[in-house]
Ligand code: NAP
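The data below hold one chain only, encoded as structure tokens and taken in the form predicted alone.
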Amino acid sequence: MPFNSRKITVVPGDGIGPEVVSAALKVVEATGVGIEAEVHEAGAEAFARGIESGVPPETIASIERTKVLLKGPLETPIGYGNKSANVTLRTLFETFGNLRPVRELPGVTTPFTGRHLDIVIVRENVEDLYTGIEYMQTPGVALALKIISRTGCEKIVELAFEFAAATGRRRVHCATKANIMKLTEGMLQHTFEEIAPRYPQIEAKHILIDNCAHQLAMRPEQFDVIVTTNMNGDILSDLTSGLTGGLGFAPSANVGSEVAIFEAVHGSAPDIAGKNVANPTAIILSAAMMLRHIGEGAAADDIEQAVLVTLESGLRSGDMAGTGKPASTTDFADAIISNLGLDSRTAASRDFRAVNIPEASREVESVTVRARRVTGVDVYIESRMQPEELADSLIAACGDTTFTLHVITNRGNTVYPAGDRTVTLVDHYRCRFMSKSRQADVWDAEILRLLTRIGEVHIWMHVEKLQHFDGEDAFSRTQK
């Protein structure tokens, strides 16, 4: 081991993880860069030992020391019980940005071959529905909270523009569903539009996420960098991987202000585990991203070029179309090692400089407003009553409070005052109460009094204040 070796944490992972991670480490070692791996556990074995997060304390301690993690795929029980170990790692170390580059690769034939795709998805990585905050509000109705912060939007938008600037890219699209979720997805759009003028050399465009998916299927070559929210980014990044050959070729970096995690985003593929047939390309390219992150850009370029040369030679893995026997995992890695120092015929090395990553703050971040007031409250009620009957009981509950019943919705549809639509009802109503004096501020004592009156006749499970910030509604309007 070289005297000045750089320590990194390595989690081999589950299924094919140990095989492909071993191949990647072998390629990194062949570049001559001194890497000292601290190998630790996470995922299935940790869950089996009763560790609810899937990440043991000793693994966490190693990452805190090294600040860099190279990991294989981790298994997580689906639908029940445990949290995702991947999500635990991202949130624990606040790796707020996920970078997913895809490019056309020689020898990897797709319907888009020849269109020179080279796209990077920059995905917000710790907020949105991935906070995992969910509730069964009635036995048959579940609620998930979609949390988007101004701070989170600023950090991911800045990362997208800084990455584009550092890699010589010319265009950044911001993909949202702001036409429907005007406050959450809209916050990312507005933040993007405010920050974009700081980067006049980069063309900035907003696009609706459904149109973005449509355009990626029709004319993907128009895209360079796409920044988006967590759930949207999860979907789009797998979509773009499919455009260029699949997840077996898709590297990934989760970057934070202090820690960075590099991984292949494919699954653990237990059906082929231990057979030495898995494609190691994704984790090898992820290792190249890791090297660039720690300042070993020349070695990163060598690996990326060697991967391209290997694919140009006609060697293929089991997940690639073609004739003849595919190369094993170890043979594929050995071929890449033998091609280190050679230059690709089809793609030159891209110029990279260090990406300026937004710094972490220990302060509680907040947005200052000049004026604020509460003008009403939404109360979520479990009831089997018909809407008109429920409304009569709630109007009675308002009594001598400062509130009046404004509207009742069921699964987002207005059911009181009654409309013309026929709505399939469930036992979960959102009941909006407004102050009788719209200009007056509603005090907490009045809200508690209303909730007490409602609670005497109904089960209520959730309440939201209806706020105004600087004279603007800070809540969604009711759909008619």
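One-based numbering along the sequence shown. Please read these numbers as outputs of a predicted model, since none were measured by experiment.
This protein has a second form, the form predicted in complex with the ligand, left out of what is shown; the following refers to that one.
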**Prompt:** Does the ligand come within 4.5 Å of a heavy atom in each of Thr9, His293 and Thr330 in the model of the complex?
**Reply:** no
**Candidate stretches 295 to 303, 390 to 398, 259 to 267, 210 to 218 - the one whose heavy atoms come within 4.5 Å of the ligand in the model of the complex** = 259 to 267
**Request:** Please check if Glu104 has a heavy atom lying within 4.5 Å of any heavy atom of the ligand in the model of the complex.
**Result:** no
**Request:** Using the partner position in the model of the complex, report whether Asn279 sits within 4.5 Å of the ligand, counting heavy atoms only.
**Result:** yes
**Prompt:** Can Asp224 be called a contact residue for the ligand in the model of the complex at 4.5 Å between heavy atoms?
**Reply:** no
**Prompt:** Using heavy atoms and a 4.5 Å limit, would one call Glu382 a contact residue for the ligand in the model of the complex?
**Reply:** no
**Request:** Could you check which residue among Asp334, Glu312, Asp319, Glu154 gets a heavy atom within 4.5 Å of the ligand in the model of the complex?
**Result:** Asp319
**Item:** Single option in Glu162, Glu75, Glu94, Asp378 placed near the ligand in the model of the complex, where near means a heavy atom within 4.5 Å
**Value:** Glu75
